[in-house]
Ligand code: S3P
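Below you'll find only one chain, the form predicted on its own, shown as C-alpha cells.
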Amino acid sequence: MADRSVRFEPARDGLRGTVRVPADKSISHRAAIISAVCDSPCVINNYLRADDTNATLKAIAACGVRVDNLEEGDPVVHGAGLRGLSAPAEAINIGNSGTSIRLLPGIFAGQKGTFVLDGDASIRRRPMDRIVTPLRLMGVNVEAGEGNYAPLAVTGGPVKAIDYELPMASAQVKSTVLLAGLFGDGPTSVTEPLACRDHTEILLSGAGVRMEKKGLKAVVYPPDRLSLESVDVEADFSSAAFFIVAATLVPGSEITLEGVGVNPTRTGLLDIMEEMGADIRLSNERWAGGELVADMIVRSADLHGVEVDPGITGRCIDELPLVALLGAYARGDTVVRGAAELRVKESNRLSWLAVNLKSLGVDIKATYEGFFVKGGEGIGGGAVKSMGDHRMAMLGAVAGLASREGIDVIGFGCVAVSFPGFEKSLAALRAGNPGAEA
C-alpha cells in the first residue's frame, strides 16, 4: 500500500556488496514514446518496470500501437509510423507520471484527432503551462484544465517550426518541443539556460533524425520516417544516487554499483560530492546505445560543506535533496541555489525537504530557489513523510541508515513508481550480500 510506514534502522556495520539498480527511468519513457512513431519494431532491452514507465507503455498502446510484453519483460514496440497514432475515445490515464503527461503531447502534435491525458490528484497539481505555451506557439491546439493543469487535450494538425528559449532548465519541456518539431514545417530549435539531460536528442539521432547541437541549443530537422531496431537502457543514475549517498554517510561502507549511466548531463551530484570530499571511483567505462556507462565504487568518507553553483543544478535537479542530507553530516555549511524547479515535482520538494529534515533535528532553511544547511552531527531519529513523492521516501530511508536511532518513513509505498525493489536492495547491502539486484 502506498501509505504504509517502513522503519529503517541504523546500518551500524556499514553497507557492503554489489548492486545493480533498475533501468533508467528517463530513457525508458523516451524509448517507448519515440519507438511509437517509428515505422519498424523496436525492442527495448532492460526497460524499467515501474508504475510511471508502465503508464507510458499503456498510453501508446491506447493510441493503437501494438506492444508485445506490455506488462512485463522487455517490450517490443511495433511503431505506427510518424503520423500513425489513433486518438482513443477515452482519456489516457497516466497515473502519477509527470514525464508521460509532458512528453506525449509532443508526438500527439502531428497526429489526427484529439488526445486527452489525465492522471491522479498529484498530476492535477503539476503545472502544464510550461509545455502548453511552446506548443501553442507551434500552432498546436492544446486545452488545459483550469489554471493550466491536467487534464490536457491535444488536437493534432499542422505544426510550425519555432526557435524557443526555455525559461527554466527542464529536460521535459525541451523534449516536448523537440518531439513536436518532428512534425514542423522546418527546423525547430530549443535553447536551454543550463545544460540538462539530453536523452531525447541521443535517441532521436539513433532513430535517424537529423539533430544538431550548438552549445545550449538543440536543433531538430523534420524527418520522413524514424527507425529504431533496439534500445539498451542502462541503470538509472538517479536511483543509484541514493546508494551513493548512503555508502558515503554510513561509516565502514564500501559498495559497487554496476552499469550505471554516467551521461555528463546527469552526473552533477558526482561533481558536488567530489568537492565535498566523497570517495567515489568510476571503472569499466564504456559506451552503450550512445550513452556513457560505468561501474561505481563508493566508500564512506568525511565531508565538508559546499556552495553549489546554480549552473550545475540542471544536471542534478532530482538529486539535490540528497545534497541537503549530505550537508547535515558535513563540516561547515552547505548552500544550494538555482533549484526552484524542485517546487513543481511530485511534491514541493524544497518545502517538504525542509519540513522533514527540521523534524529530524537538521538546521535547514528553505529559500525560494534552494536551501541552506548548517553542518553538524547528522541525524538522531524520527519520522519522514513522503507526501506521495518517491524520492522523498527514498531519502528518508537513506537518512534512517545513516541515523543514530532509526527513522520511520510514512507513505513508503510510493517508491514503486520508479524503484519497486529499493527496500530489498538496501537490506541486502546491510547484510553484506554480494550481487544485490533491485
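Just so you know, these numbers come straight off a predicted model, no measurement behind them. One rule holds for the numbers: they count along the sequence shown, beginning at 1.
Quick note: we don't show the form predicted in complex with shikimate-3-phosphate (S3P), though the next part is all about it.
- A heavy atom within 4.5 Å of shikimate-3-phosphate (S3P) in the predicted bound form is found for exactly one of V220, A171, L249, V293: A171.
- Of the candidate stretches 114-122, 270-278, 95-103, 73-81, only 95-103 contains residues with a heavy atom within 4.5 Å of shikimate-3-phosphate (S3P) in the predicted bound form.
- Within this chain, R430 is remote from the site of shikimate-3-phosphate (S3P) in the predicted bound form, having no heavy atom within 4.5 Å.
- Remark: I317 counts among the residues lining shikimate-3-phosphate (S3P) in the predicted bound form, judged by a heavy atom distance of 4.5 Å or less.
- In the predicted bound form, shikimate-3-phosphate (S3P) sits beyond 4.5 Å of every heavy atom of R337.
- The closest heavy atom approach of T56 to shikimate-3-phosphate (S3P) in the predicted bound form falls outside 4.5 Å.
- With contact defined as any non-hydrogen atom lying within 4.5 angstroms of shikimate-3-phosphate (S3P) in the predicted bound form, R197 is the only contacting residue in 195-220.
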